[in-house]
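Before any questions on binding or motion, here is one chain by itself as structure tokens, the form predicted alone.
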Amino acid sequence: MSSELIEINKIKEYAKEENIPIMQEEGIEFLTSFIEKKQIKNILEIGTAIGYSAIMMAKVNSDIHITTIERDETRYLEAIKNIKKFNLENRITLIFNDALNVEISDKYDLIFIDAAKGKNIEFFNHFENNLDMDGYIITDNMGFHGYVEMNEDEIPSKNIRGIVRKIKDYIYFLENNMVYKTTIYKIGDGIAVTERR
């Protein structure tokens, strides 16, 4: 096993132990092959967590640059450590802040939303002007562990019901958007791919 793979597995283990949500295997494979196929070079990621998806995206091609935003200090510091292990500090720029407080003027081929599920519409609206004309917005957790397809009364907790409602609102927002068209793939935890019509 290569040393890179060992480090990736350590990140996954840490995420599991600390109960930090990172992308499922199927989801990360879909995302990285999408980046490769569409020759994506500039990525804005909302929700770094511990840097796992940023590292996996950066590893697709040495031309890729990522700006990633995280508001949780513990996760942000862990992400810095992980990104250093892969010598990717010059290609992954970390911003420690609440994404909705961050103003960016750059344009990106891909905006990847993987942060607080209840704020997806706000993230979309806040950053859509940073999307290149032919760029893509990808959002993870559209299925939210299968809860989105359940009847509301089957969902065990009030908190989860609230998140599911917000995800459904976001799906409605995407499906009824006149500027963008969206395809939702039942891959990993559900992935939405949005592009201009």
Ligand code: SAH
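Keep in mind the model is a prediction, meaning the values are calculated, not measured. From 1 onward, residues are counted along the sequence shown.
The same protein also has a form predicted in complex with S-adenosyl-L-homocysteine (SAH), omitted here; what follows describes it.
* Asked: Residues in which of 131-139, 150-158, 49-57, 167-175 have heavy atoms within 4.5 Å of S-adenosyl-L-homocysteine (SAH) in the model of the complex?
  -> Only one stretch passes the 4.5 Å heavy-atom test: 49-57.
* Does at least one non-hydrogen atom of A115 fall within 4.5 angstroms of S-adenosyl-L-homocysteine (SAH) in the model of the complex? -> It does: once S-adenosyl-L-homocysteine (SAH) is placed as it appears in the model of the complex, A115 has a heavy atom within 4.5 Å of it.
* Does E89 reach S-adenosyl-L-homocysteine (SAH) in the model of the complex if we count a contact as any heavy atom within 4.5 Å? -> Outside the cut-off, so no.
* Given that the partner is absent here, does R71 sit within 4.5 Å of S-adenosyl-L-homocysteine (SAH) in the model of the complex, heavy atoms only? -> Looking in the model of the complex, residue contacts with S-adenosyl-L-homocysteine (SAH) include R71, since a heavy atom lies within 4.5 Å.
* Asked: Taking heavy atoms and a 4.5 Å cut-off, does I22 contact S-adenosyl-L-homocysteine (SAH) in the model of the complex?
  -> The answer is yes: I22 has a heavy atom within 4.5 Å of S-adenosyl-L-homocysteine (SAH).
* Using a 4.5 Å heavy atom cut-off, are E45, R75 and N97 all in contact with S-adenosyl-L-homocysteine (SAH) in the model of the complex? -> Yes: E45, R75 and N97 each sit within 4.5 Å of S-adenosyl-L-homocysteine (SAH) in the model of the complex.
* Can you tell me which bits of 121-149 touch S-adenosyl-L-homocysteine (SAH) in the model of the complex, meaning any heavy atom within 4.5 Å? => Going through 121-149 in order - heavy atoms within 4.5 Å of S-adenosyl-L-homocysteine (SAH) in the model of the complex - there is one hit, F123.
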